[in-house]
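Starting off, we have a lone chain in the form predicted alone, written out as structure tokens.
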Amino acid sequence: MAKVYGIDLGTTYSVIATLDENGTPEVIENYADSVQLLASAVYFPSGGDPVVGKEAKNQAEVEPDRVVQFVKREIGKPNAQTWDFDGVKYDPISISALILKRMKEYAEEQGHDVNDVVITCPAYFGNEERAATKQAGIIAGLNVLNIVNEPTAAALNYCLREFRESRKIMVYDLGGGTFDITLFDFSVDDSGKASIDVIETNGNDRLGGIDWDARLYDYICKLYYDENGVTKDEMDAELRQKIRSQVEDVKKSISSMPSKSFTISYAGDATRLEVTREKFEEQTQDLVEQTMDFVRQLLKEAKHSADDVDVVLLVGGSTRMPMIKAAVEGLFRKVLVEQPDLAVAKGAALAAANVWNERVAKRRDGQEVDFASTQGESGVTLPPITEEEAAGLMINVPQQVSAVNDKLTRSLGPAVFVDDNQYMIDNLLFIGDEMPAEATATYGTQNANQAEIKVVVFENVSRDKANNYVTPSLDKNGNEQYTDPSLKVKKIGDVRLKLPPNTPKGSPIEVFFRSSTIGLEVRATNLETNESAETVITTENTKTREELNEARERFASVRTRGQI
């Protein structure tokens, strides 16, 4: 039986899982830390291999300038932070690759052969963030079968284990740095095959447990000031780190008991402090309300009521805070805490098996299976196989899945010339379109004898299908234009098509969009000559083909470790 793997690449902790011989998901232990989770922290010792995990996280107290954490919030984002260690530059993609590589290595040290994987990401990630996540996997030496939304993976893990009949499931996923809320239809047909269809998704990829941590840190600083008269601005780096090192333990403690007492030892003095759950909840109630606003908005857009939902699954380590369950129970009749730290990775392993079996079946049936990468190079087309060979490659799963249908969380379209001063976005793909989503439109050249067509691609959150024009953030000269901030318009790339001499004004140019979970393909075709140009969109926030290959080769010789 083949082996595939699911990876939950988290903001604060990451997990890798696979399926056992019975098709049951099992997490591969991070033996270096004697836990199932890997802290998503990387420490760069001077002149040594990168350290990834708990030791790296702890080292942040000693050498904060050589530890990188929380990169998931930066991956694929404009103006993301970069780091330089010993003359080598790292960006969020390469830091994420080191975290993935560490999981691959410790799994392989325990007898696994980690190659084919599904990696999860927040449902509310856009095209750039998804492409960047896949690139991190490629750099880590992985064959990324698919990128699956975290709530979808969690729903898959739960539903295949619990149900043999149709249900409406909501997943409330509050992780270390991101928040997603997704409503699903889980259905089972007469043959017993299951289908998971996304009804609606909402969320915020910059809201998560670390925001609660920041509030708790500020509150502990205030308590320290009340005892010692030292403000947060007056605290030196050592004192700040001593306080920060208490935050996670205090938060975990007051999730299971009403208060937590602890000591801050600094400069020969010991200050005894106490944090109560009641006070912590008071300090963070607005963050809880932010998540519930997204829940209510989702129900409104899905045209559903809370009573329509059969069960809400709380996923993500931050849902262990009692205030979260209490808020969700105030709206829904049945709420379950569903393996908060592990559900996503387990579901990703099931999703990987599903993708793998689909491809094996296609090969058995003589269909082409192309493993093209996110950069758009020619993939390797695998040859057909016999029934016997297919049987040997198939992975045992607890229940057959006919479809796992994720949907677009952003609308996508080209900038279209309107007049001498302005371009508008003509959305071809919309929020809620089932992936993979395709659309085609035809436009005319702007001028006679135009040398080339530049198809500039924008991402936004407009849902209006009747009036599908949104002002982009740049005009034809690259100057900023006004746009409603609530529409979150972002330029994500372009495609250029050369035109022959004497091309008349208004010559038809066909533009084709195809968006899947792992990238956006755009093609422009001159309908007069049938010449075309196409690419999988990459931007300054992701890597070019050359950069990706260079990073993959460089990281092949890098070893990670769990201990300093």
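In this text, rigid core is short for the largest set of C-alphas that superpose within 1.5 Å between two forms. Sequential numbering from 1, following the sequence displayed. Keep in mind that what you see is a predicted model, and the values were worked out from it rather than measured.
Only in words, not in the display: the form predicted together with a small molecule, which the text now covers.
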{"item": "In the predicted complex, M321 touching the small molecule (heavy atom, 4.5 Å)", "value": "yes"}
{"item": "Touches the small molecule in the predicted complex: S255 (any heavy atom, 4.5 Å)", "value": "yes"}
{"item": "The small molecule contact at K251 in the predicted complex, heavy atom, 4.5 Å", "value": "yes"}
{"item": "Partner contact for G317 in the predicted complex: the small molecule, 4.5 angstroms, heavy atom", "value": "yes"}
{"item": "Listed range touching the small molecule, judged in the predicted complex by heavy atoms within 4.5 Å, from 197-205, 172-180, 237-245, 436-444", "value": "172-180"}
{"item": "The small molecule: the contacting residue among G209, P414, G137, G76 in the predicted complex [heavy atom, 4.5 Å]", "value": "G209"}
{"item": "Flag for L174, CA shift 2 Å or larger between the shown form and the other one after aligning core", "value": "yes"}
{"item": "Core-superposed comparison between the shown form and the other one, G317 Cα displacement 2 Å or beyond", "value": "yes"}
{"item": "G209: Cα shift of 2 Å or greater between the shown form and the other one (core-aligned)", "value": "yes"}
